[in-house]
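The chain that follows stands alone, in the form predicted alone, written as structure tokens.
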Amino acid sequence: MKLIFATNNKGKLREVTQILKPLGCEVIGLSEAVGELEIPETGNTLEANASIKASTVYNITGLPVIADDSGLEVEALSGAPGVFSARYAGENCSYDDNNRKIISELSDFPIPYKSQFKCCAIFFDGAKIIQALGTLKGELILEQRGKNGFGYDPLFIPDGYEKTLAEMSAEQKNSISHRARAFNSLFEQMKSEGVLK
């Protein structure tokens, strides 16, 4: 089955392609499917943003689409940055900008910095919409460690581990990540509903 993944994020595309490879799905990114397209993330929840992306790309292509939105929720920051995780330090900010901002904000709070990554994954084919959630609990540290992954990965240590997500191999991260949990759950639902054979 060929699926368009409604993302311009190369890190996400690489992760999801690896996660779905064993299921025999061919995943193509947004730029390959429709060229350059920026989809405004105007929703107030991860679910709303994932749905906006999926329906926008389906309406352009008429092909089955998967989409996701994910965010980091930090207990000390009352759940921030949450839905604003990708642009926490402002529009067009870099991963480093976001990481520096969150380090600065957390330095006034006592450790541990309990946090969780959440991901909402959606499938949409014009007739059927299927949705799944994935969560990865852990805590943040105030120095970046590791060169793998992207986003807040260099600051996030999952519960039960001593490495940050950025210090793990792609295979190890993809076996436990919030995105892997969301997409594995999504594809189980797609199989049970007959969308995937």
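All of these numbers come straight from a predicted model, not from anything done at the bench. Residue numbers here begin at 1 and follow the sequence given.
The same protein also has a form predicted together with a small molecule, omitted here; what follows describes it.
- Of the candidate stretches 139-147, 66-74, 24-32, 126-134, only 66-74 has residues with heavy atoms within 4.5 Å of the small molecule in the predicted bound form.
- Remark: Pro158 does not count among the residues lining the small molecule in the predicted bound form, judged by a heavy atom distance of 4.5 Å or less.
- The small molecule in the predicted bound form is not approached by Tyr113, whose heavy atoms all lie more than 4.5 angstroms from it.
- Among residues of the shown chain, Lys12 is one whose heavy atoms approach the small molecule to within 4.5 Å in the predicted bound form.
- Interface residue remark: Glu41 is counted as part of the site for the small molecule in the predicted bound form, having a heavy atom within 4.5 Å.
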